[in-house]
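Before any questions on binding or motion, here is one chain by itself as structure tokens, the form predicted alone.
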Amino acid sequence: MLSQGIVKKVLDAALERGAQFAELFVEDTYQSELTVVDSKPAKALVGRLKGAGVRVFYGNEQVYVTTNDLSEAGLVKAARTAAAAKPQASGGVTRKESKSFTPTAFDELHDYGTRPWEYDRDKKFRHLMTMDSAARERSSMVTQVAPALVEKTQRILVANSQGVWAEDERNYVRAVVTVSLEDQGERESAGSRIGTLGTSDWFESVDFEDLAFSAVDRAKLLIHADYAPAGEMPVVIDNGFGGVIFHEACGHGLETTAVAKNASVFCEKMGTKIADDCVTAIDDGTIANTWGSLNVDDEGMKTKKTVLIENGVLKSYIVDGMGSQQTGFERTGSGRRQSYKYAPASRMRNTFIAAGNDTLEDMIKDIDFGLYAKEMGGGSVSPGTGDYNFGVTEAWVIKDGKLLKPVKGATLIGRGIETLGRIKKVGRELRLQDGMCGSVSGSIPTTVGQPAIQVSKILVGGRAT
């Protein structure tokens, strides 16, 4: 992308007013989104994003400046703007120079093939039409189908004054479909998606019909279902996207973005018991061709596997560079950002509760009356407290140890650290699910996941009976 000579000039300019650390992040990103509406091609958006960000540290404070001008003069100007943002200390400054660069060594974890611009666009629209026609053939109640294919290739360079030099390419592909149904005045919608860290040839392995069928079948199941009962009760949360509750209600609280500000319920709990022995939670950036994986993070550190909770004991936070400086905890290769427009922050990668020893059937048999949350939806979380409210897109009433009937309108309401402590059984079948996570450094690809878990008590929002 840039020569080491130019990058050194940029970093030295960023250090000229006494900053202790300087970093340059450069990216060149290709993005594509294709959609179909009313069984016709509707949108073909293709874009290119190029730019750079210069970051400097003054103690535990940071300054970040971005630019679209990738010329030497433009980058040096941005660096000097960042350097000048902090008033000089009285008595002058001690100016540092950046160190010689050493490339970050890593083995390529991921298999990449045909890049988005190399894959036939007509074929992509045929994939979209397959989802559209499959959904409509599945049920006469289908009123609308909205399939989409999303692709992204991001090339980055990270270099800093400590001698880090890291270049990487990340490729993301995703297929999404949402369906709407109507019958006898009742309406319901549902969606399915699948994504990977990979290239467009991955589409050849996707069963687009099955993706559409699963969305239609879920909507059909619920269109005439009763509303969920309300009250506090045991809940079994199934694998896959069920892990969104841990991600949102606990994972964000483990990021040093919150911990450094003493804005997390997990502050001062390192090494203490916060969950049952059956709970082990992991944040792993090294899983090949998995949506939230990386070779190196957006600070140029080689990614790694981080055990957050081991047999119920808090073992690690999720730590970026500034978070490490502020808290003293070792970095975990978790500095991430949406694009050059954002400074990096501590963020999750592939975050999941590890497999246990129980079966889904046994968890359900244990419960006299409760809820089985088969598919989770979106929700809201207060990061400081971990208080959450999540919708359940497919739920079943459990009665006398058996699934009684599907219900709709269920929400799970609780506090992350309390729910974590109430997990009593963890299943054997771990499943991961791609998602997007928003925080202070933008929206980034992350994976959530878990086996099925049994929680002894959660407040379920529904309709009182």
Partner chain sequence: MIDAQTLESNFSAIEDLAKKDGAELELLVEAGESLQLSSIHGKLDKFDSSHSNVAGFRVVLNGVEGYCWTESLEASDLQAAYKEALENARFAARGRSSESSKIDTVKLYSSTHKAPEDQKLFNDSLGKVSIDEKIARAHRIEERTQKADERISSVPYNQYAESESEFLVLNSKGIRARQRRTSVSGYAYCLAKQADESRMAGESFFVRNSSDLADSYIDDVAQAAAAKALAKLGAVSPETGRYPVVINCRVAAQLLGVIGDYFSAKSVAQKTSIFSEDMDKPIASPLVNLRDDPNVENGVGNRTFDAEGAYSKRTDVIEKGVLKSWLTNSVYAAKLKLPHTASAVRSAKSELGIGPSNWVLEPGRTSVEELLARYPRVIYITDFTGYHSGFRAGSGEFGFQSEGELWENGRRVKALCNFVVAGSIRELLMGVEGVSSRMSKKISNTLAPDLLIGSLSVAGA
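Because the structure is predicted, anything quoted here is derived from the model rather than measured. Residue numbers count along the first chain shown, from 1.
Quick note: we don't show the form predicted together with its partner chain, though the next part is all about it.
Legend entry - Candidate stretches 191 to 199, 157 to 165, 299 to 307, 114 to 122 - the one whose heavy atoms come within 4.5 Å of its partner chain in the model of the complex: Contact criterion met by 114 to 122 only.
Inset, instruction - Check each of G379, G312, P234, G240 and return the one that places a heavy atom within 4.5 angstroms of its partner chain in the model of the complex. - result: Exactly one listed residue reaches within 4.5 Å, namely G379.
Inset, instruction - Identify, from the list Y388, F203, Y172, F329, the residue with a heavy atom within 4.5 Å of its partner chain in the model of the complex. - result: Here the answer is residue option Y388.
Legend entry - V46 within 4.5 Å of its partner chain in the model of the complex, heavy atoms: It does: once its partner chain is placed as it appears in the model of the complex, V46 has a heavy atom within 4.5 Å of it.
Inset, instruction - Answer for D400 alone: is it within 4.5 Å of its partner chain in the model of the complex, judged on heavy atom distances? - result: D400: no contact with its partner chain in the model of the complex.
Legend entry - Contact flag, L34 vs its partner chain in the model of the complex, heavy atom cut 4.5 Å: Yes.
Legend entry - Touches its partner chain in the model of the complex: R428 (any heavy atom, 4.5 Å): Flag for R428 set to no.
Inset, instruction - State yes only if every one of K220, K269 and I444 has a non-hydrogen atom within 4.5 Å of its partner chain in the model of the complex; otherwise state no. - result: Verified in the model of the complex; spot residues all out of contact, no.
Legend entry - Within 4.5 Å of its partner chain in the model of the complex: residues from 135 to 172 (heavy atom criterion): Contacts from 135 to 172: T143, Q144.
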